[in-house]
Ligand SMILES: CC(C)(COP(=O)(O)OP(=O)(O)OC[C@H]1O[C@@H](n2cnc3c(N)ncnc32)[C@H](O)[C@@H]1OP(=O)(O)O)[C@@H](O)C(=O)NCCC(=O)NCCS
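Only one chain is given next, in structure tokens, and it is the form predicted alone.
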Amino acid sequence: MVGMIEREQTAVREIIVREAREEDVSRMTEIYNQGILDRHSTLELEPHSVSYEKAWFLSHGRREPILAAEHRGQVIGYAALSRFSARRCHDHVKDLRIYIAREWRGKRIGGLLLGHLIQTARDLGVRKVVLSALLSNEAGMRLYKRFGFRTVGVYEEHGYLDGEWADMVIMEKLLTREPSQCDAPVNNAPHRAERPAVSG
């Protein structure tokens, strides 16, 4: 048991968190599809294609960072901020997506990624991060609460998943209340494509 814990700690120390690259999209798609198939992270039912996820990736501008966790050259998880809305009044609100490869869940990778992503968002002047999560995703709920997300409400019976109605929790985290950082108009980098309607 001790040996296994030591190996896991060593593996975590070898993880690099970096900006995701276009060549990562295939592996990121695989990880996202694991979340769909495992039925614990999203209401999506059918796996996504790499081309679909590439369009999602390319829709992100400078203020919608996507970070990847890499272990010995392989992406093992990723976290992203996406536009919450196309309306200009919501420029400072970003929607969170975070997915971890099946074999790396429960090994603190989610916390590692989310910590880096929140700091990156602060550096970019993002005011608020929001998310929706399946109420049954207990590990995800613990992670979000640990990082200071508060529950805004619950959409009851928000989707039909494998013969049962599923509830979705809506959460938010305010990153800064400093007007000097957030209230001025934002000079967003141009978006390269429209954001696909992706849930999760």
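Counting begins at 1, following the sequence as shown. It should be emphasised that the depicted structure is a prediction, and the values quoted were computed from it without experimental measurement.
Another form exists, predicted in complex with this ligand; not displayed. Remarks below refer to it.
Worksheet item: For the chain seen here without its partner, which of 157-165, 58-66, 44-52, 144-152 has a heavy atom within 4.5 Å of this ligand in the predicted complex?
Response: That would be 144-152.
Fill in: All of 105, 109 and 132 within 4.5 Å of this ligand in the predicted complex, heavy atom check
Judged in the predicted complex, 105, 109 and 132 all sit within 4.5 Å of this ligand.
Worksheet item: Quick one: of 139, 37, 174, 170, which gets a non-hydrogen atom within 4.5 angstroms of this ligand in the predicted complex?
Response: Flagged contact: 139.
Item to complete: Report whether the minimum heavy atom distance between residue 84 and this ligand in the predicted complex is within 4.5 Å.
Response: Taking the distances in the predicted complex, the answer for residue 84 is no, it never comes within 4.5 Å of this ligand.
Worksheet item: Does at least one non-hydrogen atom of residue 98 fall within 4.5 angstroms of this ligand in the predicted complex?
Response: Yes, residue 98 sits close enough to this ligand in the predicted complex that at least one of its heavy atoms falls within 4.5 Å.
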